[in-house]
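The chain that follows stands alone, in the form predicted alone, written as structure tokens.
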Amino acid sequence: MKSENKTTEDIIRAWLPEEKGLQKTVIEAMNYSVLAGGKRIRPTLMREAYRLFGGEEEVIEPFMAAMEMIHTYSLVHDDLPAMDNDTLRRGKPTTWSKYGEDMGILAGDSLLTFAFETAAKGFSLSAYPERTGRAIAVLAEKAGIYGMAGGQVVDVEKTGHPVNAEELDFIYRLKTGALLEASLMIGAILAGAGEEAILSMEKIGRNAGLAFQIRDDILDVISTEEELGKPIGSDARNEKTTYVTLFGMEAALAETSRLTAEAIAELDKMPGDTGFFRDFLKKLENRTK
């Protein structure tokens, strides 16, 4: 099947490990976690960014799968008893509640490691190995202590304690924004975009991440468990400071709109048809789940 005819879901499934061997249980838990649903926002954005800058090689595919694996690992670990202690994710039992806490931990660990094994396959799929190397470096930075994991550290440490606006911004920029930044940057890098364009894509991802997380805060208050496919009110239950608790609902809605408008304005610097990204950002601002 030609790359352009593959859906994001096709690509993710194609790069998952086979469920065999003595370690089969953890592989089943990994695949269960990835295939439990989800909007596939990050790999889809990555592919669209790649196309926006003229990318045509299959090298984007292992990076799309790797990104979803990393995102999924973060959710698997977020749900653990030591973290958010959630038993429902995307309308299904969370990984740890289905396979046990031990396998939940190992499934997350294995997804993170397998993601980089998968991304490294990009070296054999591109005529530009230096782009692949840089994309892997961005993926590692945005997933690690200077990205998503760093944001999670502060989020966990501050649970049950007062959080000021600067700390909340740090948590949201890293915990949620970093992988969106990476998705857009990697798409641009692998397609050979210039430095200014890569920085613009990073900024768009940062704004989208902040808007996404603030919208999550809003939905945790106004939505239902049926709509979200996960428990609502978990922020209040876990004594977490959110944008809504810190600034109020009206300010949260206004900030989501501001961030979205700023990201859309940044798109004016981009080449070609940016309609997909404009539509995505508006849908993000008004999403209900």
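All values reported here derive from a predicted model rather than from experimental measurement. Each residue number is its position in the shown sequence, starting from 1.
The discussion below concerns the form predicted in complex with a further copy of the same chain, not included here.
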Please state whether every one of the three residues Thr94, Ala208 and Ala211 places a non-hydrogen atom within 4.5 angstroms of a further copy of the same chain in the model of the complex.
-> no
Note: exactly one of Leu106, Leu125, Leu199, Leu88 sits with a heavy atom within 4.5 Å of a further copy of the same chain in the model of the complex, namely Leu106
Just one stretch in 154 to 162, 186 to 194, 200 to 208, 214 to 222 has heavy atoms within 4.5 Å of a further copy of the same chain in the model of the complex, so which one is it?
-> 154 to 162
Taking heavy atoms only, is Thr72 within 4.5 angstroms of a further copy of the same chain in the model of the complex?
-> no
Evaluate Asp268 for contact with a further copy of the same chain in the model of the complex, applying a 4.5 angstroms cut-off between non-hydrogen atoms, and reply yes or no.
-> no
Heavy atom of His77 within 4.5 Å of a further copy of the same chain in the model of the complex = yes
If you check in the model of the complex, is Met30 within 4.5 Å of a further copy of the same chain, heavy atoms only?
-> yes
Sequence order please: the residues of 94 to 129 with a heavy atom within 4.5 Å of a further copy of the same chain in the model of the complex.
-> Glu101, Asp102, Met103, Ile105, Leu106, Asp109, Ser110, Leu112, Thr113, Phe114, Phe116, Glu117, Ala120, Phe123, Pro129
